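Take a look at this single chain in structure tokens; it is the form predicted on its own.
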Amino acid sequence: MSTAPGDRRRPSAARGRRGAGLPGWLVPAVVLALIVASSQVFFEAWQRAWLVFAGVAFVCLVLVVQEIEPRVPIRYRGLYGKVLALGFPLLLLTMWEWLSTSGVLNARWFPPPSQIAVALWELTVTYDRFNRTSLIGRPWLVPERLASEGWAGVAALARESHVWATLSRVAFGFVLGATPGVVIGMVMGLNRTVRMMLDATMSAFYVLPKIAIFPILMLVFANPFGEGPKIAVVAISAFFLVAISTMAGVQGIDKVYLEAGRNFGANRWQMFRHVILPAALPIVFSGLRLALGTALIVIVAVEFVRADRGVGFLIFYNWQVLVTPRMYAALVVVMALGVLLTTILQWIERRVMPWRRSPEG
């Protein structure tokens, strides 16, 4: 028996409408979320098990987002990913704000994000007369100081900055450690004899906590309380990570590239310049990123122990006086510095390795 074309299309259209609808499990998930919410309202048990409820809500949120994503038009996928990447941290901050203000979390130890934002603003615009420091060095005073005291006044503003103190220590230490690290790593990767001689020693020093050698560095330098020991411990931390990653990058080069270079008659310098170095650079920059993060971690720890300015000092000082919103604000500054330094290194990486750029730029 024949079927009219309209009848043949009707079942497929119905199936398309069913496929475009919401999945069958979504309604029970929403009901479960409402039950969780109502249990938080009507029962006191949620105050002791709020983390379990948050986990259940997170699972439900992930399932809903997974169902929504395939239905987003292709031209909006990029925007959808950005909204998701920014929306989830905002959701976490909102939840943190609600837990702190409702008394579930102790606001003394876990202040709400709104208080942390206010504390960050206060740190930025105020000058600590007791410690003679400020967060970013009061840049709005630069024109006045430049007119009245010259560049010496501008330098004095920079010296009072916690951010500048930490950034300068990380920058100098990172450059001093990463530069010989790349050189030694290249030599170890290319020369088997040098690698056999240094590999065990490098492995032993690499696992040594770098903060543990800070007292030794204080004995070595003429001024144990100056900038020398702080920069040196950062340099040592960066050196081993960069050297080991560079050595691994050179050893991991595909033999086909080396054979191709030899077949084209390249000499040693040409092999290094056009084959070995470009092939090892991705791993080298991965090691540089790890070393940069480690340098920031180490300098914050050192500033806990021995510093009168720096973001690490700011964290530890506000912990000592129990001003927890400012302590959390300083932690936010550390995260911002990490993002800033990583962005700068990625910018350098794109310039050094233009062949790895995406088509979008």
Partner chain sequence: MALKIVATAAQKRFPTRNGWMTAIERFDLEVEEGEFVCVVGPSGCGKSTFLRILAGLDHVTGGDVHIVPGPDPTQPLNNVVFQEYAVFPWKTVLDNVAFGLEMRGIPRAERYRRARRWITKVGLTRFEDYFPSQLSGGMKQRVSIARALTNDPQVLLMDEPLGALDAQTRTVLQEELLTIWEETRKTVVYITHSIEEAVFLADRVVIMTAHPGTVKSEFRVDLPRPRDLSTMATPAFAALTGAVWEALRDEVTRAMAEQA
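In this text the structure is predicted, and so the values were computed from the model without any measurement. Residue numbers count along the first chain shown, from 1.
Another form exists, predicted in complex with its partner chain; not displayed. Remarks below refer to it.
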Check: Which one, 130-138, 219-227, 176-184, 257-265, holds residues whose non-hydrogen atoms are within 4.5 Å of its partner chain in the predicted complex?
Finding: 257-265
Notebook entry, point to check: At the 4.5 Å heavy atom threshold, is Asn106 in contact with its partner chain in the predicted complex?
Noted result: no
Next item on the list: Report yes if any heavy atom of Gln270 sits within 4.5 Å of a heavy atom of its partner chain in the predicted complex; otherwise report no.
Entry: yes
Next item on the list: Consider Val275 of the chain shown here, and say whether it contacts its partner chain in the predicted complex, taking contact as heavy atoms within 4.5 Å.
Entry: yes
Next item on the list: Evaluate Ala279 for contact with its partner chain in the predicted complex, applying a 4.5 angstroms cut-off between non-hydrogen atoms, and reply yes or no.
Entry: yes
